[in-house]
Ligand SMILES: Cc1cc2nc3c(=O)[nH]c(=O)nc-3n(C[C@H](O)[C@H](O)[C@H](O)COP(=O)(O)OP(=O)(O)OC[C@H]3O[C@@H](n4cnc5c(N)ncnc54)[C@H](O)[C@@H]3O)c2cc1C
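Just the one chain here, laid out as structure tokens, in the form predicted alone.
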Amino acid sequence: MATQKMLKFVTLGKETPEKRDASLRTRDFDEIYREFAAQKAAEQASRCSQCGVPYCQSHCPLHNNIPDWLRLTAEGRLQEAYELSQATNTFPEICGRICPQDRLCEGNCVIEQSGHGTVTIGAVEKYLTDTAWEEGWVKPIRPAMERPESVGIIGAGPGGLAAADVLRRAGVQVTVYDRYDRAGGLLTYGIPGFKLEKHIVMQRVTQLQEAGVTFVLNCSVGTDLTFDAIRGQHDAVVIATGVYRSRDIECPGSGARGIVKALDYLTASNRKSFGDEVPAFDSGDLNAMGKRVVVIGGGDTAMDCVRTAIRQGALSVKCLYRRDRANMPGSQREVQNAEEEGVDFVWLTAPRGFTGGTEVEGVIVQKMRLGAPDSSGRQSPEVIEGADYVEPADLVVQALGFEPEEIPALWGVRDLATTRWGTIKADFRSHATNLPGVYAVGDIVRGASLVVWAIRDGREAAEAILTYLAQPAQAAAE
């Protein structure tokens, strides 16, 4: 009987949750997608083909059991569907909102490949978990037994929080250290509310706090507390700092006022949404109101910046990217949303310098063309000589990606092994570093990557730590 509720992709078309009209959604920072109704979620879940080799699952970094919880959703067994999605994913409501499904599960859906339009997996995942919170299906974390071992986690982003969740459920004592005044990392301060409303993050932080996880905030390791001190207080340590050092533009005029870093710009905006005092925003330095804004970059951070500027009341917003639309690293869905909201994308362009002296007045733009493929297989941009022009700008946001900070030097732990890119060397499966009892997860190992990969790393590292903590007891028993 169950199969009769599935395989409906032949008769039912793909539908995504309704988007609020662009003219309305650009007036606030609320999420732009409306919620699926129960009937619509079940209907769209029923389009799943239940294929024997689920490419959606294999292309999900967490290997979520997607076909099974789609089937349960189609059958109206929502609590079971939620519990199955939660079994492999610490934060399904977050992944449902911000994962680039078009590049992962949905992009590899079998019925998408056959021309029927993908199953809207992310929207169903979001619906399931939002319903679970509303219905009280998300249970408090109550370890069956408390354990004496403790683990220190440096960084309260998705990787650190995922590790904290797994360890606390096992009864381990967990302390999370973070440089910011709120937990969540980039989930809290880097991603705008129109993609991820902040109460969604805070409810998970609250769940961990109520479970007994200790958060030590406003704590900068290497300044307020040494790494050695943290190691001395805990049986194991997880480094989950992320990568926060922005890549800067090095060209004439780049030091002018009005040229800002993407993370500074987004953090200021998110702090205002919390009701914080933000002098740099109130002064206009990190506020796009009434300004001609140019954002440089083509990744998801650049998309966050252009869409934030629109909501702040910018006079105009242009995005410069050195390749074409087909070769940009950001989500195509985000580009479409930005275009609907009034962002002007200027493809095959890059900055050569800035005009205006001490205060930026314009970007000297050089036009590009795509040449031979580079080492990654993507076509390399080449400058078209003599085609430069000046794009007027009052605010320029650099969104060129992030690099790791020099952790060994900053923390005074020079024997911590790093790669030539400055990321921390860690085992691919256990996430153990070269230092005994020290593990590293997420972007500080991978370089700037996806939230879902950080969650996977955090979960895997926690499981490896549980094995590590059991070793002394095993040795004593022998």
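These numbers were taken from a predicted model, which means no experiment stands behind them. Numbers follow the displayed sequence, beginning with 1.
Another form exists, predicted in complex with this ligand; not displayed. Remarks below refer to it.
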Exercise. So which of H116, K195, R311, K272 gets a non-hydrogen atom within 4.5 Å of this ligand in the model of the complex?
Worked result: K195
For this session: May I ask you to choose, among T419, Q50, S449, S430, the residue with a heavy atom within 4.5 Å of this ligand in the model of the complex?
Result: S449
Exercise. Is there a heavy atom of R231 no more than 4.5 Å from a heavy atom of this ligand in the model of the complex?
Worked result: no
Exercise. At the 4.5 Å heavy atom threshold, is L167 in contact with this ligand in the model of the complex?
Worked result: no
Exercise. Could you tell me if V441 has a non-hydrogen atom within 4.5 Å of this ligand in the model of the complex?
Worked result: yes
For this session: Indicate whether I296 is a 4.5 Å heavy atom neighbour of this ligand in the model of the complex.
Result: no
Exercise. Tell me which of 336-344, 197-205, 137-145, 156-164 has residues with heavy atoms within 4.5 angstroms of this ligand in the model of the complex?
Worked result: 156-164
Problem set entry | Stretch 301-333 - residues with a heavy atom within 4.5 Å of this ligand in the model of the complex | T301, D304
